[in-house]
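For this one, two forms of the same chain are given in structure tokens, first as structure 1 and then as structure 2.
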Structure 1
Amino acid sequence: MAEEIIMADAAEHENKPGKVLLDVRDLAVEFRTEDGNFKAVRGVDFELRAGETLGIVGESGSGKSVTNLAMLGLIPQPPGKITSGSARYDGLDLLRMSDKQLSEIRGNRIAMIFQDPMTTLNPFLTIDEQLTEVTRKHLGLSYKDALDRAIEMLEKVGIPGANRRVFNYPHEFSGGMRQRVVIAMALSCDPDILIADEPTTALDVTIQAQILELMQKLQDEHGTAIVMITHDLGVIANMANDVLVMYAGRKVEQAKVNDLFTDPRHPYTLGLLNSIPRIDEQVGAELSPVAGQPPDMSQTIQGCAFYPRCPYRIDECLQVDPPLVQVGTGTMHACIRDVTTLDPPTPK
């Protein structure tokens, strides 16, 4: 019974690999606080295709989370406000949907995993309660069918003794196990899109690798498109097809994963790559900050936001906020200079 419903649902949403599932245009988000209008996201575009993984990197505060939360209507409003843009999914704009329409999509067609598995599960409710409520709501399952589904999902993500463990509370699981539960929960309606916001940052290295492998496996089985937000270029190298580099609320570079590592075009991306000791040292290669501070985003930024920290800066950079330009390989970048022809900056 449960099986049939899920199959039918999946068939209806058959996604050919490469089909554009999500098309985000010019998304801008502000936080209106007492300290001023904080422009967290300033016009971001991207496309997500079926079966692919889009990596999003950028330092803390660059707007990675807010971009994705805003799409699903999950930023607190107020103080948050989506000031422009669209996010088309399945022919409809997520940003202009009613709460009811959006809630049909959240957790069902588009699921989200957050960073800290210790706090993303409700400590007051048992796992079965938290897992079954999703499938009962979106797939219309009875509790019994939903429970079967929950156990099946827990087994799939590698929780031993799932049929007993399903009745436990979150605090009875370790961090890694909890993140597996979270993944099981997110995937239990077989979503088209999975947004993973630093899913492994809070976990230790061996567990990180296992969780990533698990996500990869589930993606291969179900053709789920993944948005992978991370600080970790190793994760990007392993998982992503396309990479989007964000800086101060803007997309400063977007490239195929290989191009990003071999032929980076934006000085900020270069800075990120230089901060890794060796590119082939992958998992766990934490991204150490590029020297300097990101700009204060409650102020109007003159010219290029990266100017103060940029080793390639010239006076023209202060004239305009560089538009995105596309180069032959398909890479897009927002820099008026061609860093490939310039000498690397001399260390001071």
Structure 2
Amino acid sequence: MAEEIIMADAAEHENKPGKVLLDVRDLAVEFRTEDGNFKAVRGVDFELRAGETLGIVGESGSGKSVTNLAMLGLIPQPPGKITSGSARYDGLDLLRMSDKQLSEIRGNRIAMIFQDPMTTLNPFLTIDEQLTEVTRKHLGLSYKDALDRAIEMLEKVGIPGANRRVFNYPHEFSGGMRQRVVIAMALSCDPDILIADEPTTALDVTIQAQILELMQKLQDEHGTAIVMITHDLGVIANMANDVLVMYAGRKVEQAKVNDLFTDPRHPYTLGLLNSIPRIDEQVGAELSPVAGQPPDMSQTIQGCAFYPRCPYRIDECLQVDPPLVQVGTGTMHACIRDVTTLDPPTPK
């Protein structure tokens, strides 16, 4: 009975523009293995507002995906363990919900496009079985209506002959086509929040543009909030309102998208931006990748986690784990130095 009341209360909300739909505070996740405890996420905070897109960027292993999987109860426990924090969706803490409560929210109010379409779809079930399950469970549709909805969504994501292909098995689709099926599944219930983990990685640029346009249309029509996890800073520049930069499991910078590209404040953010080609560079100009490797998260990190790779480092950086400080109205960064006042380091 208590669960029914909680879910009924959640269903009464309205997605007014700018309303905070998701409020994450001090989220920490670790994986306990024979080789040690890997601190995958270390005290991450962010807010997600209706009708807006939050971009999350960083290298592989920085904690981007684990942060979002943990909120939805999708990390295996054990070896995973949420050691602190809260993730409040419409007033309810996702981290304190039972599996039954989360199952009512996942795929319905909060949907996720997973990174690997090869393992997301069940190879033993046809596409219609997998797509109709979502809308029959959460929207109460009959199989016929759910099938019509599945075909409509497949057409929207650019699958030709959707009325025939919907009865195929996943192995009869290419990798890019399977990714489009996964995206169609995530969008089927018009979710309040869409978490997109590298949603266009397996797609060519034409289909990528169509998918991003579809996501933006959903956002405009329904006030959907989007978390865009990606390595593609071009996608972030076009889609995001705010950008969160993660390194070694924690947030090292957050800013409005224009501020991040024009006035980055953390050396790691500068490194990411310098490692991508620019149209205003001279022909033949060399890229400047971030040197070195991310730290071993099973070991205790002394001082700033970026210290071994930072071209602006000083001795004090090894002694201080820099807190997030706010600059202006919308930018936060975790660095004890003001890199905007420093000369660029000499390339080695």
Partner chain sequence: MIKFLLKRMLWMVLTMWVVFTISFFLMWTVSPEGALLSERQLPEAIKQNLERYYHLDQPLTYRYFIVLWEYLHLNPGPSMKLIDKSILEILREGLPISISLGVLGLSFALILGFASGIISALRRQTVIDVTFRSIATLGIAIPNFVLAGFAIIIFVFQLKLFPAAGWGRPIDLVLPSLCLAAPFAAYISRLTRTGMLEVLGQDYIRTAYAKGLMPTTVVLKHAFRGAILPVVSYLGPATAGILTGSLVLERIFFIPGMGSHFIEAVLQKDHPVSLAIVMVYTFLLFTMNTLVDLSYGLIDPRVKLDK
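By convention here, residues take numbers in order along the sequence of structure 1, the first being 1. These numbers come from a predicted model, not from an experiment. Whichever C-alpha set is largest while still superposing within 1.5 Å between the two forms counts as the rigid core.
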I want to make sure I have the labels right. Is the form predicted on its own structure 1, or is it structure 2? 2
By the 2 angstroms cut-off, has the C-alpha of I211 moved between structure 1 and structure 2 once the rigid core is superposed? yes
With both forms fitted on the core, check whether the Cα of E155 differs by 2 Å or more between structure 1 and structure 2. yes
Spell out whether the Cα of M177 moves at least 2 Å between structure 1 and structure 2 when the two forms are superposed on their rigid core. yes
